[in-house]
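Here we start with a single chain on its own, the form predicted on its own, put down as structure tokens.
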């Protein structure tokens, strides 16, 4: 598993709908805010790249010191799945994104979920963290 990893799902309207610190590094007080800042700063880059390619997995889109931002854009809703990490496991990251995308689609199919609202399901959170342990 990556020692530093922060995962976020951002709606088409640039509103974060899910966030999770999934790394195993020791937590600093300002780490969560720094990770959010880096991920949100990369949103414009992801937006530009999403219109220049038909691929959903955009690989590494931005870097900050030793941290890398990888992104995945869903075709149906243009929702951005973004991961801040310090590992070089491209295959694992791609598999992680694909499986989280499947979970996200299942969440969208839930009649009680309003698309674009925050994902508060503990089941979703548990599954994402398990996938992070498996692939990152």
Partner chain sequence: MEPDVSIETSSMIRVAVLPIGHVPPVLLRDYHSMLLRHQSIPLSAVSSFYTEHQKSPFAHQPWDSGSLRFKFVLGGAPPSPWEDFQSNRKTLAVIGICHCPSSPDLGSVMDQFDSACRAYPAALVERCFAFCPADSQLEDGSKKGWNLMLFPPADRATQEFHLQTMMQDIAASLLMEFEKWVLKAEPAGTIVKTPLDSQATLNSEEVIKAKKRRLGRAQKTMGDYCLLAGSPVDANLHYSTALELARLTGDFFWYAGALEGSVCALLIDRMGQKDTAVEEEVRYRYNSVILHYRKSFIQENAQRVSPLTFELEATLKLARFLCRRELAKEVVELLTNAADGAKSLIDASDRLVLYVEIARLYGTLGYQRKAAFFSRQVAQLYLQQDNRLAAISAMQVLAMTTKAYRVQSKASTLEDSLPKKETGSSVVEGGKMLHQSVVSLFESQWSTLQMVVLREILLSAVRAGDPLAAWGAAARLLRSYYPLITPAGQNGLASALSNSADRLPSGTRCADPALPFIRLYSFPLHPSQMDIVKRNPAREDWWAGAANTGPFIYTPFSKGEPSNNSKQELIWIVGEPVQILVELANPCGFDLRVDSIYLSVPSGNFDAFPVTVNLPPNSSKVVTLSGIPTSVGPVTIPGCTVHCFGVITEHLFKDVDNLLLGATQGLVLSDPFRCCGSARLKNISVPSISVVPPLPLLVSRVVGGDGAIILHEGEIRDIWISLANAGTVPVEQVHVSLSGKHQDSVLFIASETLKSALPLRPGAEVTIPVTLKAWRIVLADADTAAGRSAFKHSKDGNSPTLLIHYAGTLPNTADPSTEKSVVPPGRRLVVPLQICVLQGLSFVKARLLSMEIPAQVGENLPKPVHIDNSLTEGAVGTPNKMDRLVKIDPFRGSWGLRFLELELSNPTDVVFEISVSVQLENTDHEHSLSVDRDATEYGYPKTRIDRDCSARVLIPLEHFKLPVLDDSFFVKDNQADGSGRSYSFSERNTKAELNASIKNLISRIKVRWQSGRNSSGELNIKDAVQAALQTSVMDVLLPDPLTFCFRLSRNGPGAENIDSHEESNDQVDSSASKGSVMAHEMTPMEVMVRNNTKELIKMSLNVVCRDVAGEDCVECANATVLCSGVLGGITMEVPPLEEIKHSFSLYFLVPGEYTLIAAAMIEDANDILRARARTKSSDEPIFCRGPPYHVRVVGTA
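Positions refer to the first chain, counted from 1. Remember, it's a predicted structure, so these values are computed and weren't measured experimentally.
As for the form predicted in complex with its partner chain, it is not shown, yet the points below apply to it.
A.B. asks: Test of understanding: in the model of the complex, would residue 13 fall inside 4.5 Å of its partner chain by heavy atoms?
C.D. replies: Answer yes; at least one heavy atom of residue 13 falls within 4.5 Å of its partner chain in the model of the complex.
A.B. asks: Look up in the model of the complex whether residue 126 has a non-hydrogen atom within 4.5 angstroms of its partner chain, and give yes or no.
C.D. replies: No, residue 126 sits far enough from its partner chain in the model of the complex that none of its heavy atoms falls within 4.5 Å.
A.B. asks: Should residue 65 be counted as a contact of its partner chain in the model of the complex, where contact means heavy atoms within 4.5 Å?
C.D. replies: Output for residue 65 is yes: heavy atoms within 4.5 Å of its partner chain.
A.B. asks: Give a yes or no for residue 122: in the model of the complex, does one of its heavy atoms lie within 4.5 Å of a heavy atom belonging to its partner chain?
C.D. replies: Residue 122: no, not in contact with its partner chain in the model of the complex.
A.B. asks: Heavy atom within 4.5 Å of its partner chain in the model of the complex: which of 106, 40, 78, 59?
C.D. replies: When its partner chain is considered in the model of the complex, the option within 4.5 Å is 40.
A.B. asks: Could you pull out the residues of 95 to 118 that have any heavy atom within 4.5 Å of its partner chain in the model of the complex?
C.D. replies: Read in sequence order, the residues that approach its partner chain (within 4.5 Å, in the model of the complex) are 114, 115, 116, 117, 118.
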